[in-house]
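First comes one chain, alone, set out as structure tokens in the form predicted alone.
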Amino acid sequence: MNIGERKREALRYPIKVVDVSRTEIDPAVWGKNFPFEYDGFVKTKIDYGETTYGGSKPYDKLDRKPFLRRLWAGNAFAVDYKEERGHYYSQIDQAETKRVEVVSQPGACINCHAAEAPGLIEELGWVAFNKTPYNDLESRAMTGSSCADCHDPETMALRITRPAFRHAMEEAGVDLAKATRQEMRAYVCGQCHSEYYFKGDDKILTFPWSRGRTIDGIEEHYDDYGFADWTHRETGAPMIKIQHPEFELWGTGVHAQSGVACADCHMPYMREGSVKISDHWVRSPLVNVERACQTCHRLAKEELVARVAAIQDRTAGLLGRAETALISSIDAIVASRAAGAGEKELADALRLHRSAQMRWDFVASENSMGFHSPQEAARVLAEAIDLARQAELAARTTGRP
């Protein structure tokens, strides 16, 4: 009787209770047709606590690491920087951060924080949407992440809904129309979990991938364009604020090279009765090791957790050394300025400071503490330490015979 019931259950799922329109963004409406997926999605409201280097508790990172205020001096991140919560809170957290109060951010910020973004883009046009001040559009962006961000309402096929990702992939020669479903299980995440900047006076959301998706290629892109997010308040260096480059770092790691997509670990398959679905409670694999990791890795949970901890602890140690070196370089540049050094004498030190901090931030602002690509994270941080010490040395020897 149980087997018969499970077979009948599988045949009638999903049940089309309502017709979901092309413009429908309310997850609750989609959930009438896909109740199992919706049950998982609403759990992204849950605070499942902290992992060693992450979690869903929105603690203040600036209070835990006060030196961040110096590294980002003059940038809005020096005012407010909290651990992110689940997808449900993507727009709530954006609206509540003090960063939108201390600077006038463009509407481009809404691209990845609100499900209303595609509709606003269609209504206003891509350029007008991006350059309209965020505070002018905030009242029209009330929904965080939604089913519509990743799925076609007619077929439920995965789709790209954010133009910046599509433009960047086209520029890189990637035909998204030919992408496999497994590739799309990473691409739909990459359209938001990536480094970006606001290009030109119109603040067009752009991914800096013209030279590739490594930090080296990203730096070349910014240097070619002559771009800076802000001027460092203490050193005067033109700086880049790296933003959550999960897609870029993952792309250099062994999981990506083995065909493992973001969803395989963060939305692993699960069964509800006889129905197989992706778990839409998107969260750290460390709180879901049995399905996120052990499906592929036939090892004890304790051993898998220990392996992750070893990678993350080593990455955190390198981050700490990079942070110490960066603070020393800032101190040296400030002291050199106080001694009378000008822009010409400090040019090398400022260039090295920018380059070093960009690499540190590439790992620090990526939300895996190096796990997505351990060797690449270690390489990038080693360069950050070296470049920061070079900046310190260049500043200390400025103007001396």
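A residue's number is simply how far along the shown sequence it sits, counting from 1. Because the structure is predicted, anything quoted here is derived from the model rather than measured.
Another form, the form predicted together with another copy of the chain, is not on view; read the next lines as being about it.
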Every residue of 314, 376 and 379 near another copy of the chain in the predicted complex, heavy atom within 4.5 Å: yes
Contact residue in the predicted complex, chosen from 155, 139, 180, 257 - any heavy atom within 4.5 Å of another copy of the chain: 257
4.5 Å heavy atom contact, residue 303 to another copy of the chain in the predicted complex: yes
4.5 angstroms heavy atom contact with another copy of the chain in the predicted complex for residue 386: yes
Distance check, residue 291 to another copy of the chain in the predicted complex, heavy atom within 4.5 Å: no
Residue 318, heavy atom within 4.5 angstroms of another copy of the chain in the predicted complex: yes
Option from 167-175, 124-132, 303-311, 100-108 whose residues, in the predicted complex, bring a heavy atom within 4.5 Å of another copy of the chain: 303-311
